[in-house]
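Presented below, as structure tokens, is a lone chain in the form predicted on its own.
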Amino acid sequence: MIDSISSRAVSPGYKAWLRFRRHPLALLGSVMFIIILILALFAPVFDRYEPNKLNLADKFQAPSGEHFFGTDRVGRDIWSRTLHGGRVSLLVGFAAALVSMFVGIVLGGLSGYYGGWVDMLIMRFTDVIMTFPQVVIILTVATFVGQGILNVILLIGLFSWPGTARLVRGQVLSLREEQFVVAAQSLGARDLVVIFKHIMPSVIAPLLASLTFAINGAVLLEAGLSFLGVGIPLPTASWGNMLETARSLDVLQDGPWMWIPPAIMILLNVLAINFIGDGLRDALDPKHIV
């Protein structure tokens, strides 16, 4: 029993947890995000009405005991749409971030490991992608491929990887001459095995912190695309296309209950994930001592 506790106490994972829990904003962000995630995942449990059900008799009502967040212009319940919109926005955020991280890890890993013309080719391609304004190019491509959750995920993911690729490339460049890498190469391990089995585990720490910011970026980008009308198509609710109603001046002035709830949810979600990312960055930094 004592041995297990002792080994647990000196393990890197346990030390990282000790550093993380000493970060008050990271703990606050974790609690906030868990609450948001529970509300989104169990939206059918917490909602009171179908999110897409029209009820013209109750249209454009202010918040009340019957409709916690009021109703929109066609009588749909804002509370229910906010909950279900969170499911869509978080799905897009997580899925797009994973697509982005996958592409960035593969390209950055190959670039850093092989160097030479491979590095030059991949990095110049990365520079080209970074040259174009992200929103503009996604808007342009979206007009051709159409709307839809899958399209939004792929578009955000496939145009958001350059930062990850540069991060991974830098880490791999600093690790490829280490003794454990040279030993694996001398034993005849294949290049892909060396990259993804021996080098990548050492890159996970900075990637975890980067992933949190990638999720935030994807959520905000989805909101922006939906606000501009090329994101998640109606009647499917997302925090972004709920904000689209704020483009109307009369709704902005006379019906703030229609856009304030999704705006607050986006704000809280971004703050929570940023706090978690800051905590992970500090906790996984080997320079910090418990």
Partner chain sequence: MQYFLRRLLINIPVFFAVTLLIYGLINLAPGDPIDFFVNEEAGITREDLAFLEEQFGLNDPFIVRYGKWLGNVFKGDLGYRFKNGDDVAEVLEVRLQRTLILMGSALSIAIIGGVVLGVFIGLRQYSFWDFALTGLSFVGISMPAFIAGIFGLYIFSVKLGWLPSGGMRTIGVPPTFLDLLYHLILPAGTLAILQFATFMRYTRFSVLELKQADFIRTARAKGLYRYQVTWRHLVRNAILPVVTVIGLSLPTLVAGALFTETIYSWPGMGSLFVDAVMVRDYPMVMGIMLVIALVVLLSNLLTDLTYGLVDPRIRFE
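Numbering follows the first chain given and starts at 1. No experiment lies behind these values; they were computed from the predicted model shown.
Beyond the structure shown, there is the form predicted in complex with the partner chain, which is absent from this document and is the topic of what follows.
This chain is displayed alone, yet in the predicted bound form one of Val182, Leu150, Leu192, Val128 has a heavy atom within 4.5 Å of the partner chain; that residue is Val128. When the partner chain is considered in the predicted bound form, only one residue from Leu234, Val31, Ile38, Leu252 comes within 4.5 Å through any heavy atom, namely Leu252.
Proximity to the partner chain in the predicted bound form, taken as heavy atoms within 4.5 Å, picks out 136-144 from the listed stretches 194-202, 136-144, 85-93, 108-116. Contact between Leu220 and the partner chain in the predicted bound form is found at the 4.5 Å heavy atom cutoff. In the predicted bound form, the partner chain lies farther than 4.5 Å from every heavy atom of Gly70.
The partner chain is not drawn, but in the predicted bound form it has no heavy atom within 4.5 Å of Ala16. Within this chain, Ile266 lines the site of the partner chain in the predicted bound form, having a heavy atom no more than 4.5 Å away. Annotation for 170-188: no interface residues with the partner chain in the predicted bound form [heavy atom within 4.5 Å].
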